[in-house]
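In the block that follows, a single chain appears as structure tokens, in the form predicted on its own.
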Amino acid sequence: MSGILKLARQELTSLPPYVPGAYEPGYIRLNANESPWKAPGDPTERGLNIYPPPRPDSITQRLSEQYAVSAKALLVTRGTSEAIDLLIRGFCTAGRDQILICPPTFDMYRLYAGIQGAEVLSVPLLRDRDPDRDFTLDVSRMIANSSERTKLVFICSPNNPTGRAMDPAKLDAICRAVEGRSLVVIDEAYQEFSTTQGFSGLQTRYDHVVLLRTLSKFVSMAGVRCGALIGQPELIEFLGKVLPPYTFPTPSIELVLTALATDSLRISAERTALLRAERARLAKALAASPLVTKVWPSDANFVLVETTDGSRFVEAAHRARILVRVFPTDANLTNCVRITVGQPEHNDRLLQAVSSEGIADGE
């Protein structure tokens, strides 16, 4: 058993996988208790009367090319959320093991750990008056506070909701310190919007690094829910036993393959470049708003701002029929608002709403 799988729940490593009925093109399937007829109006090529593939191998192959990894090192999941849940279920025994997170960060890490009965160890991001140094990893505390019970270290980069891409040297130090006792899970859901290189290089140096990617943002497929978990092949094989078969629906497979076609990816790249430019414009303009006291640098498709009055900012946006995100239960984000970068006209409407003229009109 590899070093990685020694960290997993041992009762799962020996669990025999479910073996679904075989599928072979051109053969009549009388081995899966399916309906022999397509439903009226079924637009799919495969047919919704037939189960989807146990694993969407066509997407696996295409994403392995997209991310330049072996197909055996990639597991397709329903968004990164399912990948997070899968890792916690596979590695954390209820009432014994723990995960480490660095708030403020993506709240689903905490939620899935709670559902599994795993302890959540929190090491808050460092704070600094300088926005360029604010919300960075507290490496010394992360290393000091983790233990043999800390099976998973979750790091979001670019981080949600702060937008910051994490320092590669700090991640390298964390990977070295927890090698042999923890997996380091780097959530790169927003990587395409960053000018940084990302962390695929860490996987060439460390077997215990896991990367999470998603098509929700970059190729505009949030409604389909397609993510990828990238790790060592033995990890992928193990998690494939924990993940039930047939989880990825037939229409979603066909839509994802269309979205990953060359022409579609070209359009997505063009839109990403536009969003980066709009992000810079939006951040600069928001800094001039009388309601905004700080705008943090962002490598994601959103910006985080500190306001003089979060409720007033939200109300001004709402009068313009715009919804923004607040975090009322997070003490680190008091009066902070996360704003997704929209189409230029959407951004213009928001800026008008929170400008001095827009506020005066609203009052």
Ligand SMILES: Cc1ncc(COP(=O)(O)O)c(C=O)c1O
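In this text, all values refer to a predicted model and were calculated from it rather than measured experimentally. All residue numbers are counted from 1 along the displayed sequence.
Below, we refer to the form predicted in complex with this ligand, which is not included among the displayed structures.
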task = State yes only if every one of 162, 196 and 299 has a non-hydrogen atom within 4.5 Å of this ligand in the predicted bound form; otherwise state no.
result = no
query = Want to guess which of 273 to 281, 126 to 134, 211 to 219, 85 to 93 is within 4.5 Å of this ligand in the predicted bound form, heavy atoms only?
reply = 211 to 219
inquiry  = My question is simply whether residue 104 lines the interface with this ligand in the predicted bound form - judged by any non-hydrogen atom within 4.5 Å.
reply    = no
ask   = How about residue 154: is it within 4.5 Å of this ligand in the predicted bound form, going by heavy atoms?
value = no
query = How about residue 80: is it within 4.5 Å of this ligand in the predicted bound form, going by heavy atoms?
reply = yes
message = Is residue 174 part of the interface with this ligand in the predicted bound form - any heavy atom within 4.5 Å?
response = no
key: Contact assignment for this ligand in the predicted bound form, among 189, 183, 230, 118, heavy atom within 4.5 Å   = 189
